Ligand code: ADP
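Next up: a single chain in structure tokens, the form predicted alone.
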């Protein structure tokens, strides 16, 4: 990067030139999320920041009305799939978002940065940068309000390093290294740098100067320290005009204010307004995270007769357990009592099933069982559905044939209620898609109180 280019970019970053007056469309932010709950998590924060947000499931194949939409989040299932597939899907999403006139692009991954050593975060980010012709992006996974912070490039979950937080036992993407510079360096051939907290504490101008200096040195990916909401505000100001930002949903809550400062976004009242909810309620859980296990336990204490546990080994043997789960759910719903169908289990039990069936097959059995339960019970009158787990949520949403979600009000940080139109139903389906790691311990009961 030449000195002249650096000066020009500095003027842009500090708001000294006006890029808001363009021929771009109404869409201010176009986001690509690597799983379904991650997409909803980001969309939730954008709504809380004052943006009207639509989540689409995969790259739309038909025209979508975006007249009253400020941000679109494309939900993919690319976190744990083969790298080539993740890149292909992400680039297709990028091209669609660009065709809708999105001013800035956002690659959203989990606030625990979970992926394999080979990807998919690094390879997808590289592919997006290549397609955009951009030289640098930032990596901001932190979500301080949910206990995800980064210091000296190390990711913390609460007061524990990532590799000592329970994420080291994740059944699909175990995270055994908290040093994100080191983790990302194993996923990309390009240089990875750090924007440390000592620089961020000096403000947006200093942060931008540091990013520019790293760009001049050829540093393509920059891990950003983030300890609190103020750090997110500083990072949003420093990066609002770069073509592509990446990270968790925390950055999403800070960007809308910067879009308004640029004149791209008007002040909007009730951006998360939804139609009144109707129908019976159901909770489906496939996540085995510590947070979800605690939520399952809390539900069962409150409703000892309200839960039915699925076991991958039993599902592999025959359809008998699935049929028992369906009969149980129908009985509970008829009695208008709370119902939870779950495959959530402790790491030892999950590992035992995976050793017999293989991790992929065990997961697929659970996803298929919960998806078929969702189809059957929604067709029979369930109108309020809560799904726990990113992979499970993706499977359920796909099975239901849902293509768009309007984002509503927050239940807990990172988890809003959404609504989706379904063929043959007068009222939309109210749907909450919860990342395994998110939500308070009483989430499975309190969520429906929020909706009411």
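Owing to the predicted nature of the structure, the values given are computational and were not obtained by experimental measurement. Residue numbers count along the first chain shown, from 1. Rigid core here is just the name for the largest C-alpha set that superposes within 1.5 Å across the two forms.
There is another form of the same protein, the form predicted together with this ligand; it is not shown, and what comes next is about it.
Of the heavy atoms in residue 418, none are within 4.5 Å of this ligand in the predicted bound form. Taking the partner from the other structure, this ligand in the predicted bound form has a heavy atom within 4.5 Å of a heavy atom of residue 350.
When this ligand is considered in the predicted bound form, residue 436 lines it closely, a heavy atom lying within 4.5 Å.
Contact check for residue 246: no non-hydrogen atom falls within 4.5 Å of this ligand in the predicted bound form.
Checked against this ligand in the predicted bound form, the candidates 287, 115, 111, 239 yield a single residue with a heavy atom inside 4.5 Å, and that residue is 287. Taking 271, 312, 153, 307 one by one, only a single residue has any non-hydrogen atom within 4.5 Å of this ligand in the predicted bound form, and it is 312. The stretch from 410-418, 40-48, 383-391, 58-66 that comes within 4.5 Å of this ligand in the predicted bound form, counting heavy atoms only, is 383-391. Residues of 321-348 placing a heavy atom within 4.5 Å of this ligand in the predicted bound form, in sequence order: 343, 344, 345.
After superposing the rigid core, the C-alpha of residue 213 moves by less than 2 Å between this form and the one not shown. For residue 143, the Cα coordinates differ by under 2 angstroms between this form and the one not shown after the core has been superposed.
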